[in-house]
Ligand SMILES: NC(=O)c1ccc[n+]([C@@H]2O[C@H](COP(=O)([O-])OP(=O)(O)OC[C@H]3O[C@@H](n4cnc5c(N)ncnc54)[C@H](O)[C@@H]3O)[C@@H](O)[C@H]2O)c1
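In C-alpha cells, the next block holds one chain alone, the form predicted on its own.
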Amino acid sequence: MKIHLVSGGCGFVGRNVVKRLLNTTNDSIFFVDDLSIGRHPKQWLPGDFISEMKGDLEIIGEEKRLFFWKGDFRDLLFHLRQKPNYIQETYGIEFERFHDVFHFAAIVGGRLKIDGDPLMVALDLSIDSEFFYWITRHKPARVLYPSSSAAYPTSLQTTDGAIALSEGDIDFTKNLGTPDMTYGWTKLTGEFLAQIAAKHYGISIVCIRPFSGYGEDQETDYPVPAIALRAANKENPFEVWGSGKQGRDFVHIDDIIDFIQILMDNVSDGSAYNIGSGKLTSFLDLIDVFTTIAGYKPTIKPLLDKPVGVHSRYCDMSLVEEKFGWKAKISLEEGMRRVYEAAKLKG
C-alpha cells in the first residue's frame, strides 16, 4: 500500500493537499495536526463524514484511506525516534515507508503573529530539526519542504523600489542578508537543512518559496479572506493596515498545489523555487478588486499603527517558466471572485 504523510494536514495548505491526494490518487494519507489553527477534517472533507477511532487515531471514510492523528507533530516524531515502526505497531497500518511527505506543520499566522510573538514563531526551528532528522532515518521516497518568500532579504523589499525576487537572491555560499523576522530565519534554515539532507543523506527533497497564497477556505486572520468578507459586508469607510500601498504577489492555492506536483516529479536536490504570479498588487488595489465585485466605492481609512511587514514582495518567475514551462493559471480577478463568493456565504 502506498501511503503519504502530511504534517499540518488540517491547516490551509495542508488540507488542500490532503483533498488533492484524496481526489487524484488511490493512495492512503496519514495526516497530523494539533488543531491549534487547523480545522478538524469533518469541517472540510466533502460528503458525509464517517470515521472510527483506533486508540487516538481517527480513521476516516468508507474506504479507510485517511488516517488523522491529532497532536503536536513533534510528539509523533519523538515516538518514531524511539520506535521507528511506532505507527505500524500501534495502529496496525501495514506499510514499509511513507512515499510522499509534505511538511506543513509550523507555527503560522498573519503579520500580528510574525511581529507580535516572534519567539513563539521560532519554535518552528524545533519542529523542523526533528523533522529533518527523522527523514534521514525513515528515507521516504520524496519530500516537500515549504519555505517562504519571507526567507528573502528584507533589504530587497523596501520603499525605494519594488524588485522581483529571484531564486538566486538566496545563495548559501555568499552573504545571505537578513530575512523577515524569526519566521524568515526558520524557513531559510529549513532550506539549508534540505540541501544537507539531499547531499549527505540522499533524500529526494524539493523546497518551495510560495508568495502570498490564498483561497476560498483560508482563515480570516489572513488578509485576502478578511478583506473579501469586509467588502461583502459593504464596510465603509474601509480600513487598511498601513498606507495600503505596500504590495504582495498573490497566488491561488490550486496553482500552488499544481506546481508542487511538478516539482516533486522533477527536483530532488533540495533546491528551492518560487511559486507566485510574478505580479505586484498593492492592498489598495486588492480592496478595489473586492469592492468593485461588491458594487460600491468606499472611503479608504489607513491604520498607520498596524504592523505591515516589508513594503514590496513579489517574485521573478522566469527561472520556473524556463525550466518547467509553468505559469499560474488562475488570474487575480478570477481567484478573488471565488474568495468573495465564499465570503458572502460565510457572511
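All figures in this text were calculated on a predicted structure; none of them were measured in a lab. Residue positions are given as counts along the sequence shown, with the first one as 1.
What follows is about the form predicted together with this ligand, which we do not show.
Asks: Of the listed stretches (189 to 197, 140 to 148, 225 to 233, 92 to 100), which one has a non-hydrogen atom within 4.5 Å of this ligand in the predicted complex?
Replies: It is 140 to 148 that comes within 4.5 Å of the partner.
Asks: Under a 4.5 angstroms heavy atom criterion, identify the one residue in 284, 303, 319, 35 near this ligand in the predicted complex.
Replies: In short, 35.
Asks: Could you check which residue among 71, 116, 202, 177 gets a heavy atom within 4.5 Å of this ligand in the predicted complex?
Replies: Among 71, 116, 202, 177, a heavy atom within 4.5 Å of this ligand in the predicted complex occurs only for 71.
Asks: Does any part of residue 336 reach within 4.5 Å of this ligand in the predicted complex? Heavy atoms only, please.
Replies: Residue-level check for residue 336: no, no contact with this ligand.
Asks: Is it the case that residue 276, even though its partner is missing from this view, gets within 4.5 Å of this ligand in the predicted complex, heavy atoms only?
Replies: No, residue 276 stays farther than 4.5 Å from this ligand in the predicted complex.
Asks: May I ask you to state whether residue 108 is within 4.5 Å of this ligand in the predicted complex, using heavy atom distances?
Replies: Close contact exists here: in the predicted complex, residue 108 approaches this ligand to within 4.5 Å, heavy atoms only.
Asks: Any chance residue 184 has a heavy atom within 4.5 Å of this ligand in the predicted complex?
Replies: Heavy-atom contact with this ligand at 4.5 Å: absent for residue 184.
Asks: Can you name the residues of 201 to 216 that have a non-hydrogen atom within 4.5 angstroms of this ligand in the predicted complex?
Replies: Result: 210, 211, 212, 213.
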